[in-house]
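Only one chain is included here, represented as structure tokens and corresponding to the form predicted on its own.
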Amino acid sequence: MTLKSFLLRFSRLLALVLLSMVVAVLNPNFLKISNLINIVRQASPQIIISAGMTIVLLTGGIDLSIGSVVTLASIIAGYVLTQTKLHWSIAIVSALGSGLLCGLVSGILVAKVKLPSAIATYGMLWVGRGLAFAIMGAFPYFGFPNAFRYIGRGILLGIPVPIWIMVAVALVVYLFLKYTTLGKSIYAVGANPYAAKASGLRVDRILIYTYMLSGLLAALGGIILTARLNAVDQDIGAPFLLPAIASPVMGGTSMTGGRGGIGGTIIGTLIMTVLVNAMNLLRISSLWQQFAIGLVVVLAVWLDMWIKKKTA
């Protein structure tokens, strides 16, 4: 492997390392183990949510309903935990089921009704948001059982539980995309849906499964977030939509489909999380934080286009 090909292949990882080195020089507290663990813990729900978006992007689609699915799943979990006497595990099952159902509807609209993915999932965004408001009303849910909160705040072998869940999800998604027939078919559909259909792949079914996985992972991220915050309101998932799109793109997943993976998504998410953590350590205004993140996302997309040209 030449130096040029090495730099092109690992450019995002090198960017993350370089960013971390600069921050460490500016503030040595960045390298404290507690701070590094905190960075990964904060990134964990976003990585899980972005993993679902990654799978959708690989087919050449996009899921704009992710933020609402996070909110709806969180509110359903909160409702079961506070408004019923059911076991807390039922709250998890119900929340995950709501994510699967939202993904199923989006998938059918895209695969069977033939709506553009942006339109179908934008519609689901408002449906999910409306259902969330209808279920919760005007008052947030809070004060959940300790067993449920362990998912978001627990420690296992010195590592926060959300990190363990994130690692497990990332490993499963990696193995799924790389070694299963459905995972390989997702890449094929994204690369050329017409060729995939001509080769005998059931494109409609693959797309439906893809959006169901996205909904499931969004719901799981919402559960972890709810357990960590010990509360849920109607806007809990809204901040996760745009980062869920930016993280895979920053990590090298093409928005036109057929190229990318979970590894790049993890790196993209960590770049944004490290950036926010660094600006907090350096006491930079939140207004400038938004500007910096937007600038980094634009630069990442430009880098992705530049790498495409160099490797074409």
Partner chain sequence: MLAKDRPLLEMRGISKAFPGVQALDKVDLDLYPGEVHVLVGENGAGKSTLMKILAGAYERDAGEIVIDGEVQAHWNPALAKAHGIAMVYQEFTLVPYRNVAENIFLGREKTRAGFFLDKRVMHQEAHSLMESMGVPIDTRLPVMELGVAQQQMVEIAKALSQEARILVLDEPTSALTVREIEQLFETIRRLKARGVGIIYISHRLEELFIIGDRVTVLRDGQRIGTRRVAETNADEVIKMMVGREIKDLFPRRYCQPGEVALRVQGLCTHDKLRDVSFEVRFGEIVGLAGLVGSGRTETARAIFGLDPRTAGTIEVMGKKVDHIDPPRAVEMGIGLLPEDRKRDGIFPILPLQTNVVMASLKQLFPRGILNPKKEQLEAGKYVKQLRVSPPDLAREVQYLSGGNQQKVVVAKWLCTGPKIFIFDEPTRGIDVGAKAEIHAFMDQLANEGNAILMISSELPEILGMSDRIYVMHEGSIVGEFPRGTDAEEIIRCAMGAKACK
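Predicted model only: the values in this text are computed from it and were never measured. Numbering follows the first chain given and starts at 1.
Absent from the display: the form predicted together with its partner chain. The rest refers to it.
> Among F144, Y187, Y209, Y122, which has at least one heavy atom within 4.5 Å of its partner chain in the model of the complex?
Replying inline: None of the others qualify; the residue that does is Y187.
> Where does its partner chain sit in the model of the complex: which of 87-95, 106-114, 176-184, 68-76, heavy atoms within 4.5 Å?
Replying inline: Flagged stretch: 176-184.
> Looking in the model of the complex, is its partner chain within 4.5 Å of a heavy atom from each of Y194, L201 and R259?
Replying inline: Result yes, every residue of the spot touches its partner chain.
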